[in-house]
Ligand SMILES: Nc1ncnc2c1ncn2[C@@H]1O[C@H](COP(=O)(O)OP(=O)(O)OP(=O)(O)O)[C@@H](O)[C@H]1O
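Take a look at this single chain in structure tokens; it is the form predicted alone.
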Amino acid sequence: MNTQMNEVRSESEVNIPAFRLENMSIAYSGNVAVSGVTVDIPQKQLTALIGPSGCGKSTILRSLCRLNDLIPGVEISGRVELFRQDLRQMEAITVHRRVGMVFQRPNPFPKSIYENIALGLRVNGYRGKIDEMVERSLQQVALWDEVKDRLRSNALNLSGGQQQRLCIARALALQPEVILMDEPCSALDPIASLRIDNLLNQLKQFYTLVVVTHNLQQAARIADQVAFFNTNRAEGRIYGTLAEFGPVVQVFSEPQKQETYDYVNARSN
């Protein structure tokens, strides 16, 4: 793991959270999807978001990089801070540079392996040596040795696991402070998933990682902190709330809420 590009930025003091959510609620066209979320997400740790379908995990994740802003009719209340700055008052391009996103299914550009990384650097005005950054990013995800002799080949010819690592490398190339991942292993086979898990355990030494997963075994393997979201019903509609947040050992072994205990044990049996 190359650490040269992972220097701590001056505003990112160790004692402040990467994200602070204060009574945040999200609704689509007036229909509440997530209600009243208050939580501090620590920096340089991996926080896993778990919970049943429909509880708002991915909705929360998208709110941390302003992707929900692109959805017509979305309404967000409360406050979200990124390293003490109001996230919604920041320019979107600044947010997207500081917060990278990796999606559920690998989504490489239909271009060469090299261009998948170089294109984003050019668009964002990178002034350094692009060849060096491409190599460095691929080394960080342990992909360089596998592709260094075919950098001009189409990225779509890579395996699913390689494509996902390329997408992570693409995010890392912009030198973000935070990387968000929405079920990054759900489309991968067990061997490729294990490689991603090992990669995440290395990356969290240098980056803040927030990962949505339905796989509780994966959450137990890779997470430092776990946020359990659960579903609620009001007036015939289902919405999500944050039920419990804490260290991974607490949430899985000594949960503070009965609903957490029921979910963790039901899914592990």
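None of the values given here were measured: they were computed from a predicted structure. Residue numbers run from 1 along the displayed sequence.
Although it is not shown, the form predicted in complex with this ligand is what the next lines describe.
Using a 4.5 angstroms threshold between heavy atoms, R62 counts as touching this ligand in the predicted bound form.
E81 falls outside the set of residues with a heavy atom inside 4.5 Å of this ligand in the predicted bound form. None of the heavy atoms of Q205 is located within 4.5 Å of this ligand in the predicted bound form. For I191, no non-hydrogen atom is located within 4.5 Å of this ligand in the predicted bound form, even though that partner is not displayed.
Per the 4.5 Å heavy atom criterion, this ligand in the predicted bound form is contacted by stretch 50-58, the sole one of 35-43, 216-224, 197-205, 50-58. Counting a residue when any of its non-hydrogen atoms is within 4.5 Å of this ligand in the predicted bound form, the one hit in 173-201 is E183.
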